[in-house]
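In structure tokens, one chain follows: the form predicted alone.
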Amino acid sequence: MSSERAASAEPARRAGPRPPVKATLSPRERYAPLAISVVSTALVFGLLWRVITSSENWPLIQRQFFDVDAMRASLPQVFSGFLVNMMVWVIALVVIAVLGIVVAIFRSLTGPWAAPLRVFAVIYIDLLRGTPSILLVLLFGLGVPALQIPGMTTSRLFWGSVALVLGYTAYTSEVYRSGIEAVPDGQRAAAKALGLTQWQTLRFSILPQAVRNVIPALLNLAVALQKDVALLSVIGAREAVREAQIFTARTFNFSSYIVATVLFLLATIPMARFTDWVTKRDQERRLQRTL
């Protein structure tokens, strides 16, 4: 009898544990939280709208900032500048991704022969990360063209973009370095036992894991850079904010700034939601590893 029970239990053990039974929710339990969220959000925004529109100066603000005719008139001009923003952003992202990982590798190298590279990386990160982005844009965008160096471009847009690239490279390299240091030391020991050099260990073992670990943080930096490209307006680059300023100076109406704001939101919000999705996927992946 005991042998028959053991034989009948053997297929069950092979089949593995049964999947968890999904809890069934009643319609009230399912839709009540959603209804409460919608109603509370509508009440909050409705109250804010009531407070704003009840101000005595609201009609003036509406004419100066929310003039539909002015928005329509400024849209082509602001949109042409916004395309410049997007061009600078895409090119800068590629350059920053490459330079950031190079600086991170310099700082992660060990051994006396790599000391100059480590010192360079530390100084570069401390200087560039400690300087506000707007100061970098002013220094490079106005200072370098003023030098009038033969054979070197004097484009303010170019040098302002270089300033953003250098500043964000410092932040990005530290993100990469955190990913490199998060890789267990056993990976390096295993690579050394296989006879791999330090560079081969970084290239084939450490860096792939490090980059995968810091993708959510890198995407957050990409969203921040997307907005900071607007800093180029302070040196006269004809991007979206600068075009809005020109329209405002000509018409004494600020609605063009609302157009620029909407364009930036249309670009940054999808990127932010994609970053949230990637972050959630990364958290789920890490949780599965711990189970």
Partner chain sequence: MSTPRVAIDDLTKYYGQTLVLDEVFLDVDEHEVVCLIGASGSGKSTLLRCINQLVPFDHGEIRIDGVAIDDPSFGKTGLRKRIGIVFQAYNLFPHLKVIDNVTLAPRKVHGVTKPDAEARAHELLGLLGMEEFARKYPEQLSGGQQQRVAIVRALATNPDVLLLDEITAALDPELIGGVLDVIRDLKAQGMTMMIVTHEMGFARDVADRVCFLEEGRILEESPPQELFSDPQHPSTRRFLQRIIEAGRL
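Positions refer to the first chain, counted from 1. No experiment lies behind these values; they were computed from the predicted model shown.
Below, we refer to the form predicted in complex with its partner chain, which is not included among the displayed structures.
Colleague: Would A193 sit within 4.5 Å of its partner chain in the predicted bound form, counting heavy atoms only?
Modeller: Close contact exists here: in the predicted bound form, A193 approaches its partner chain to within 4.5 Å, heavy atoms only.
Colleague: Mark T197 yes when one of its heavy atoms lies within 4.5 Å of a heavy atom of its partner chain in the predicted bound form, and no otherwise.
Modeller: Yes, contact at 4.5 Å.
Colleague: Find out whether any non-hydrogen atom of F120 is located within 4.5 angstroms of its partner chain in the predicted bound form, and reply yes or no.
Modeller: Close contact is absent here: in the predicted bound form, F120 is far from its partner chain, nothing within 4.5 Å, heavy atoms only.
Colleague: Just to confirm, P208 within 4.5 Å of its partner chain in the predicted bound form by heavy atoms?
Modeller: Yes, contact at 4.5 Å.
Colleague: Kindly confirm or deny that G186, A189 and F204 each have some heavy atom within 4.5 angstroms of its partner chain in the predicted bound form.
Modeller: All of them do, each having a heavy atom within 4.5 Å of the partner.
Colleague: Which among 170-178, 208-216, 123-131, 140-148 is in contact with its partner chain in the predicted bound form, heavy atoms within 4.5 angstroms?
Modeller: Result for this chain: 208-216.
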